[in-house]
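Shown here is one chain on its own, the form predicted on its own, set out as C-alpha cells.
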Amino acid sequence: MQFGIFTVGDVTTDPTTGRTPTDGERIDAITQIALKAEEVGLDVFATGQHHNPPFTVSSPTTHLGFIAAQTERLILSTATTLITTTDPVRIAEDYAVLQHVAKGRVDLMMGRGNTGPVYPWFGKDIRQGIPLAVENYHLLRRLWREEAVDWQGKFRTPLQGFTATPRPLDGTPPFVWHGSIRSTEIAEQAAYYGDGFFHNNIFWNMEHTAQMVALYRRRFEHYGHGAADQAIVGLGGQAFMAETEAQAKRVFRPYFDNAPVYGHGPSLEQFTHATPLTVGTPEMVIERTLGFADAVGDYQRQLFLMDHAGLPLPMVLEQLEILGREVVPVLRTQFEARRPAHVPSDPPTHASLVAAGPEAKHHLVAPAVPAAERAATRVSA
C-alpha cells in the first residue's frame, strides 16, 4: 500500500505570527516537504494545480521535475491535474516529458477543479465541466497510446494524424487516477478504463465517501477489470499530531480557526467528528485511518494533507517525521494484515505496467468515442 502526502499549495498567513510567505518561499517550502517525504519513508508526493490566489501551484510538471532531480524513490503525482481547463495535448506531452525526467516515477490524478472563475480564463464554460472532463480524458488516452491520432470532439480543435511527443517512457503511459468527491460520471469513467479512483474525502463524511467508492467498485467489476474489491482506490485525509490530544488541539486550533477553507465555520470538534481530520496523538491517527478501510474496503493509496492553513515549515516537517516514523509503519502492517490475498496491495506503477506489457488489458481498453465524433462519422458515411 502506498502512503504519501499531497499539497494544495495555499499561501496562507500564519495566524500566530501574522506573517505571510512569499510565493517563492512557499514553493521552496513545498520542495523541502517533498524531500522530507522521501527521507521519512513515504511513497508518494502529490501537488495540486491552481490558477488563482491564495494558491501558488500553477505548474505541477515544472515543480515535480525539480523535485524528481533531487529524489530517487518518491512517486511524483498530482492532486489534481485540471483535465477541464488544460488542453489534453499539453497534458500528454508535459507528463510524458516528466516521465522521462523522473525515470518513470510519475502518475497523475485528473480533476475538474473547484474554482469557477478559472474556466473562462482558459476559454471554457464551467457548465460543461463534466463533459469537458470526460471528452478530454478520452483524447488523452489516445494521445498516449496511438502514434497518429485523428480526433474530432466538441471542445477542441480537431486533430489529423497528430503524434504527441515525446512518446511515453517505454511505450507505457503514466497510471491515471480520477479524483472526484461527488460526480458519478467521473467514477464511471475511472471504472470504464480500469483506472484508479481517488476520493479526496477531507471535507466529507465517511458515509458519502463509501457510497462513491462503492459505485466505482461496482462499475469496475461491470467493465470486467476484476472483482469489485480489487478496484484501485485512493483516499485523502488530514491530521495534526502531538504527544497528547489536548496539546495537538491547542497548537492546531488557531490555524484551523483562520484557515481559508475551514475558518469561521464548524468548530474544530465538529469538523473532526464529521470528516477524516484527526487532531490528536499518532495512535488516534492510526486508529482513524484504519477505520477508513472498514468503510470503503481495502484500498491501495492513502494521501495526507499536512502543510495547509499557514502552518510554518518547521512544524510541517516535524509532522512528517511523526507520520513517517510512527504512523505509517504501523498502518502498513495493519492494512496488510487485514487485506485478503486476492486484493492488490499497491496500485499500478510504471514498473508493473511495463512488466504487464503492451497487450495488458488495462492498456488496451478501447477508447470511448465522443458524441461529436460519432456524429461526424455518420455524416461522412
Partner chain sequence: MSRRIVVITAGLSQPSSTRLLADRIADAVTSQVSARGEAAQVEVIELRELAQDLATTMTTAGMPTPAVARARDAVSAADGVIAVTPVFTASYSGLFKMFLDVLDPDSMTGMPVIIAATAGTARHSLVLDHALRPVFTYLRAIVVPTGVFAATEDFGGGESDQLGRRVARAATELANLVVSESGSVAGFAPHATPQRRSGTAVHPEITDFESMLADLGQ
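It should be emphasised that the depicted structure is a prediction, and the values quoted were computed from it without experimental measurement. Numbering follows the first chain given and starts at 1.
Form predicted in complex with the partner chain: not shown, discussed below.
Screening 87 to 95, 183 to 191, 231 to 239, 72 to 80 for residues having heavy atoms within 4.5 Å of the partner chain in the model of the complex returns a single hit, 183 to 191.
The closest heavy atom approach of residue 212 to the partner chain in the model of the complex falls within 4.5 Å.
Using a 4.5 angstroms limit between non-hydrogen atoms, residue 223 touches the partner chain in the model of the complex. Put simply, residue 129 is far from the partner chain in the model of the complex: not one heavy atom of it is within 4.5 Å. In the model of the complex, the partner chain sits within 4.5 Å of a heavy atom belonging to residue 261.
Of the residues 175, 162, 271, 119, just one reaches the partner chain in the model of the complex with a heavy atom at 4.5 Å or closer; this is 271. This chain is drawn without the partner chain; in the model of the complex, the residue among 138, 124, 145, 288 with a heavy atom within 4.5 Å of it is 138.
Applying a 4.5 Å heavy atom cutoff to the partner chain in the model of the complex picks out 151, 152, 153, 154, 155 from 149 to 177, in order along the sequence.
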